[in-house]
Ligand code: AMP
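Below you will find one chain, with nothing else, as structure tokens; this is the form predicted on its own, and questions on how it binds or moves follow later.
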């Protein structure tokens, strides 16, 4: 079948969205189609032609969502400036937003043109595909459709539309926006979100409090998973924080190579607000803003604000517990304790500036990499201490990917397509990242970090 839409978001207050029309695309070309995702959604690939995927043949009127957000700490009213939801697809009792990115201007576009470049949409396809296979909850990319236009950003490129799939695009910033509409609307909207994402909480004694707790927990799990694989989101604004714990908006994202908690690759993040090691405190800051958005619900019968503050006070301990369990698993330690040894190892990582991904693979199988940092007496001493309490192979193989999207390889693949129209390198990366926890008989470049001077100069962009 094609999409089966039942868009409940349109039943909400009309101030929360605008009805929109995708731009006209004369000759759309499907560049990539995610067959696995099609199967998961119960879609017949034969019925998903370029016109449908580019929004030229709409099954119902699309919408663009309104929301707000703290962007680099400053609050602003926002909305889908280059995105629109085709509809909510229902399959096997599950509901999915089907969204187009780069499908033209909306009432929230401001000075933007509503378009997207082919490189930015290919990048999102690859990163969301990798994150899914790294076992991290994420948006997914159904297709990349090349358009018949030129889009100007840092360079002029072909345009593209990405078909993005999420459980929903509701975010912290949506609540920030709704909170400004009045408490009655916030109550109705919160009930809608609970019914859609956390229906089990309808039986709870303190439903709204438990809702905040569930959002905080899903967000902690998401960010700890980012830290597990070395992912830097790059733009952790409150409008990019999913209410359901899905990673999304793969703009200036990247993976660390040489371990440094201050690593930043984003061209916008001049002061390191969203650096790799700052993602934890920023999550806490974002949750505080989310709690403030729920404040209009704080009546005697619904919620008391001091209860939210108590929940927020649990953040550090809960994040610590989740992070510590993750780190012990990466080190193959299958019991509690060993905090001093774990801290000693993390301190070695900071001082050595070793490659993050390869360090854990070298711990598991010595001699895997010809890197001087792994031939030091200090590394050998630490490995021996870890071997006495951990290095459980099964645990390590579950936690430590063999492959991540190496930034320089991603750039090479994108450049190859822009220069020659050849997707061979791009598809080669997809093949390697299909099972990133399984070693493959492929060129060793997929496990090699770039030269240090590459990382020192590497910059990512939002491309909006």
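Keep in mind it's a predicted model, so treat the numbers as computed, not measured. Numbering follows the first chain given and starts at 1.
A second form of this protein, the form predicted in complex with this ligand, is not displayed here; the remarks below concern that form.
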### Query
Looking at this ligand in the model of the complex, is some heavy atom of each of 80, 112 and 115 within 4.5 Å of it?
yes
### Query
Exactly one stretch in 237-245, 355-363, 155-163, 284-292 has heavy atoms within 4.5 Å of this ligand in the model of the complex; which is it?
237-245
### Query
Can you check whether residue 7 is within 4.5 Å of this ligand in the model of the complex, heavy atom basis?
no
#### Entry: Heavy atom of residue 71 within 4.5 Å of this ligand in the model of the complex
yes
### Query
Is there a non-hydrogen atom of residue 67 within 4.5 angstroms of a non-hydrogen atom of this ligand in the model of the complex?
yes
### Query
Quick one: does residue 146 come within 4.5 Å of this ligand in the model of the complex, counting heavy atoms only?
no
